[in-house]
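There is one chain below, alone, in structure tokens, taken in the form predicted on its own.
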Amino acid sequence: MISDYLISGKNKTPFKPKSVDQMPHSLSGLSYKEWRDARKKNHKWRNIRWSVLLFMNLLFVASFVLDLSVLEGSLSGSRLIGFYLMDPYNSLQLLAISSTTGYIAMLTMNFWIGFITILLFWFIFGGRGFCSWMCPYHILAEWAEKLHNYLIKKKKIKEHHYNTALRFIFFVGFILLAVLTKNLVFENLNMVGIISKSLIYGPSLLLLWVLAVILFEVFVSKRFWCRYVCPIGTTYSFVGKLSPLSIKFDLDKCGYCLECQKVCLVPHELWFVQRGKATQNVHYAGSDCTRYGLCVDVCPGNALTYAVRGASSLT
């Protein structure tokens, strides 16, 4: 089980690709096209995920409007039935500022409870699962991606990719800015906080920044904010390094159709689905995986499932 956590298998010798008679469509007695297209319109996990995301964000709104002490504050910092929860990247900025000003000893117990609790919760449920199951910007980015893909298909625009290492530069950069200015600089640009607070307390001019980023993602580079900038996602990626909940891949059920990679937010995490790339019968998606679920939905062979590492699949 320890190897499930520490070894991705990427540097091992790949298995020989399966022959046609070993492919799942052949074993099912179907043509490749029939097999591949069988689950294209399946959106079970996407619908569950959207429902959870909308419910949790609207619970903030209801708690404020109806003056309920259920889920108070916003996704930048909140209280769940009086229990404090802190955005981990905001917490890291506060720790960085406090460590250079001598005020770290003055951080309250509520801060530590909120910080540690949210880290433990998202450690268990997959780190970047926050991005697809909680972040309100994620739905907007999904819709922007659909429009972007349509424009690409019509050859109206060109796709632009960037090095994913950019996110580590932003991660460190905003921490340094916080230390230098003694302010949470990133919070002024934070999509999560801006949209969450706008939903709860009413719109602000900062929504123009959100619109600008969405337009950039539509016309230039899809998922730009989530893939290359957002330090919150990077923080949760670190948290999810050893997370027990993951997306499990079963090579025996894979037909190399790549439908999962086409819909994946972080397709590099599904490197093992490509023909001749898998090095083990079972692989687990890495810490960048958002537990998005659409890959599970569209996989015609059920080769991808939610699972606890070292245990049975959950789907």
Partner chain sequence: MEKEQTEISRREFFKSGLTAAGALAVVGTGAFWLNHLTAEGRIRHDFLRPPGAIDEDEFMYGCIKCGLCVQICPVQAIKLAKAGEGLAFGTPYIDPREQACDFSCDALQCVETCPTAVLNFEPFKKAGLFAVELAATQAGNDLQQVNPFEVQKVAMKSIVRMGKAKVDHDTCLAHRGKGFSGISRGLNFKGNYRAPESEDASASPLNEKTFDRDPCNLCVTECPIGETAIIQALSRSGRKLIPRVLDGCTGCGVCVMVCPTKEPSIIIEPY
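Quantities reported herein were computed from a predicted structural model and do not represent experimental measurements. Positions refer to the first chain, counted from 1.
Below, we turn to the form predicted together with the partner chain, even though it does not appear here.
Asker: Spot the stretch among 125-133, 147-155, 183-191, 233-241 with residues whose non-hydrogen atoms come within 4.5 Å of the partner chain in the model of the complex.
Answerer: Going by heavy atoms within 4.5 Å, the stretch is 183-191.
Asker: Please check if S76 has a heavy atom lying within 4.5 Å of any heavy atom of the partner chain in the model of the complex.
Answerer: Taking the distances in the model of the complex, the answer for S76 is yes, it comes within 4.5 Å of the partner chain.
Asker: Just checking whether I97 would be counted as a contact of the partner chain in the model of the complex - the rule being heavy atoms within 4.5 angstroms.
Answerer: Yes, I97 is a contact residue.
Asker: When the contact criterion is heavy atoms within 4.5 Å, does E142 count as touching the partner chain in the model of the complex?
Answerer: Answer no; every heavy atom of E142 is more than 4.5 Å from the partner chain in the model of the complex.
Asker: Mark F170 yes when one of its heavy atoms lies within 4.5 Å of a heavy atom of the partner chain in the model of the complex, and no otherwise.
Answerer: Flag for F170 set to yes.
Asker: In the model of the complex, does each of W35, L53 and V210 have a heavy atom within 4.5 Å of the partner chain?
Answerer: No: none of W35, L53 and V210 comes within 4.5 Å of the partner chain in the model of the complex.
Asker: Work out which of M106, L215, I116, I81 lies within 4.5 Å of the partner chain in the model of the complex, going by heavy atoms.
Answerer: When the partner chain is considered in the model of the complex, the option within 4.5 Å is M106.
Asker: Going by heavy atoms, what in 189-207 lies within 4.5 angstroms of the partner chain in the model of the complex?
Answerer: Stretch hits, in order: L189, K197, I200, Y201, G202, P203, S204, L205, L206.
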